[in-house]
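Here you get one chain, nothing else, as C-alpha cells; it is the form predicted on its own.
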C-alpha cells in the first residue's frame, strides 16, 4: 500500500506511463495525510492485534495483509488465464452484468478498487465511449447544415471521446497494477484512465470525489471489510453508487455440493498446473467460504451509511451484485 503521507499514481500521457510520489492532486488524491482535510476520515495508524482468518487458517490481522499481498503477487501474471479456467469464462459475463447494472453516463467519474488487471475499467471505457458516440450522432443529425469537415472533426476529437468520463483503478498490489497497465497499452486504452497504488481501507482520495465505486471479487480479501465500506462511502459524492461483485453462499444443496467439489478438488489443481501455485488458489477458494452471508454483507453495507441496498443473485447464487446509494 502507499505509505502514509504519500500516494503513488500511474497515468498515461504523451509517450508513456508516468509515475509520481507526493503532492498528487489529480482526481482528488490526498496531497498529504498530515494535512488532509478535517472532513477526511483519519483511520488508525496502529494495526489491531486481534486474530482473523486467512482462508481456513487463523492469523493475526497484521499478518493477513502480507499473506494476501503475496497471493496476488504470485498469481498476477496468470490471473486472467486462471479466471477463465476456474469459471469456464463466465466471469466475463458477470463483469458485463456489473456494467449493465451500473449503466454509466458520459461524464461519470469511476473508482474501481482492487481492479488491478483492468477488467472493469476497460468495460467502463468501452461503455461510456459507445454512449458518447451515440450522443454525438444524435447531435449531428440535428445539425444538418454542418460540412463534412466539421463532422469529421467532431468524430476525431479524441480528447472528448469519453464525454468527460474518467476511471481510476486503485489496487494495493504493484504486480496486479503492472499487468493492468500492460493490458491497457496492448489494447490501446489511453484517455480517461489512471492507476493508483492504494489500500481499500485507507483510500488516498479526498471526500466526495467519485460518482461510482466498484469492487469486483476483491472485498473478501480485505482484512477490515467494515473500514473498506466506510472508505467507499467517504469518497463517493452525494448520490453516488456503490457496486460490489462478489461470490455468495449457494443455497441450493445440489449446486452447493457440486460447487464445493469443483472448488476444493479442481481449482487448486488448475492453479498448480497452470500457474505453478497450489496454495494461492487454495486460499482463494477458502476465502469465498469465509465471506459473510448475503444478509450479513447487506447489513455491513447499510452500517457504512449506504441506503437502498439491494442484492442481486447471478448464476444460481454463485455470485451476486450488492449495490447501494450515498444520500
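Residue numbers count along the first chain shown, from 1. Since the model is a prediction, treat every value here as computed from it, not as a measurement.
Keep in mind the form predicted in complex with a small molecule is missing from the figure; the text below concerns it.
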Next item on the list: Just give me the single entry in 97, 225, 191, 90 that has a non-hydrogen atom within 4.5 angstroms of the small molecule in the predicted complex.
Entry: 90
Margin query: Under a 4.5 angstroms heavy atom criterion, identify the one residue in 212, 86, 125, 184 near the small molecule in the predicted complex.
Written below: 86
Checklist line | Touches the small molecule in the predicted complex: residue 297 (any heavy atom, 4.5 Å) | finding: no
Margin query: Please tell me whether any heavy atom belonging to residue 273 falls inside 4.5 Å of a heavy atom of the small molecule, as the geometry stands in the predicted complex.
Written below: no
Notebook entry, point to check: Should residue 60 be classed as touching the small molecule in the predicted complex when contacts are defined as heavy atoms within 4.5 Å?
Noted result: no
Item checked: Non-hydrogen atom contact residue 243 with the small molecule in the predicted complex at 4.5 angstroms -> no
